[in-house]
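Below you will find one chain, with nothing else, as structure tokens; this is the form predicted alone, and questions on how it binds or moves follow later.
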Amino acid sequence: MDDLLKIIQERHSTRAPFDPQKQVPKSDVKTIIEAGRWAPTAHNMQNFEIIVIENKKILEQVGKIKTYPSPEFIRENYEQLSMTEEELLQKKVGILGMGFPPAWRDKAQLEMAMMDTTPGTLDETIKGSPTILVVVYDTRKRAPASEGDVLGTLSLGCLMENMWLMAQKLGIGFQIMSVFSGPEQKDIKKMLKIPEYMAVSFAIRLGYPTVKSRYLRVRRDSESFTYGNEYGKRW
């Protein structure tokens, strides 16, 4: 039990570039997918399909897809940022802002940053990953009596967590790429021959980081969000 808790505590987003020449063993990718296969899903819908991309030419083609900064993301992301480690340690929620462009960290420059439509490419997000998992779901289906398919979305989160924990156990770098589910997915779906009725939920970059990155990870104390028998009553 202690080993499982340690894996949970050490799980993190690997934001460093990956070594494109160091392939993730197929057996390990299969183990990660097997962990996902046993994720709990609403009504046992198993509402996902996974596309494994490890072909270098296809990875290069995907990497060339243009991306555009989302004004909504820039604005709402700013609200989650701390500008110093001391601030983050005090808040215990959110992330450290130093990894984002200066304009995204300065409230006075936010409006200008949101107006900037200079395109980037997915390659900037992929960062040399030799393996990508693209998770898609069928938009024609939803969990019973689940408005907006909230339970279906929750199920996809369970899939993500199962695979993430297994990757952590195997010593494989893992990062979610939510940009794949944005406007870029139109080009992604065309390139990967994904049917129109299927939607991209998220993508995962797997690999081995070229540098060991260190960043501050924080969590609220359990006493701050746990109540006994009624809301607000200390347990």
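Numbering starts at 1 and follows the sequence shown. Quick caveat, the model's predicted, so the values are computed rather than measured.
The same protein also exists as the form predicted in complex with a small molecule; that form is not shown, yet it is the one meant from here on.
**Q** Taking heavy atoms and a 4.5 Å cut-off, does Ser13 contact the small molecule in the predicted complex?
**A** Result yes; Ser13 sits at the interface with the small molecule in the predicted complex.
**Q** Does any heavy atom of Ser178 come within 4.5 Å of a heavy atom of the small molecule in the predicted complex?
**A** Judged by the heavy-atom cut-off of 4.5 Å, Ser178 is in contact with the small molecule in the predicted complex.
**Q** Would you check, heavy atoms only and a 4.5 Å threshold, whether Arg219 touches the small molecule in the predicted complex?
**A** Taking the distances in the predicted complex, the answer for Arg219 is yes, it comes within 4.5 Å of the small molecule.
**Q** Does Ile95 reach the small molecule in the predicted complex, with heavy atoms at most 4.5 Å apart?
**A** Yes, contact at 4.5 Å.
**Q** Judged by heavy atoms and a 4.5 Å cut-off, are Tyr78, Trp104 and Leu122 together in contact with the small molecule in the predicted complex?
**A** The answer is no: none of the three residues contacts the partner (heavy atom, 4.5 Å cut-off).
**Q** Which pick from Val134, Met160, Leu88, Ile74 sits with a heavy atom within 4.5 Å of the small molecule in the predicted complex?
**A** Comparing distances to the small molecule in the predicted complex, the residue within 4.5 Å is Met160.
**Q** What stretch, of 64 to 72, 168 to 176, 26 to 34, 50 to 58, brings heavy atoms to within 4.5 Å of the small molecule in the predicted complex?
**A** Going by heavy atoms within 4.5 Å, the stretch is 168 to 176.
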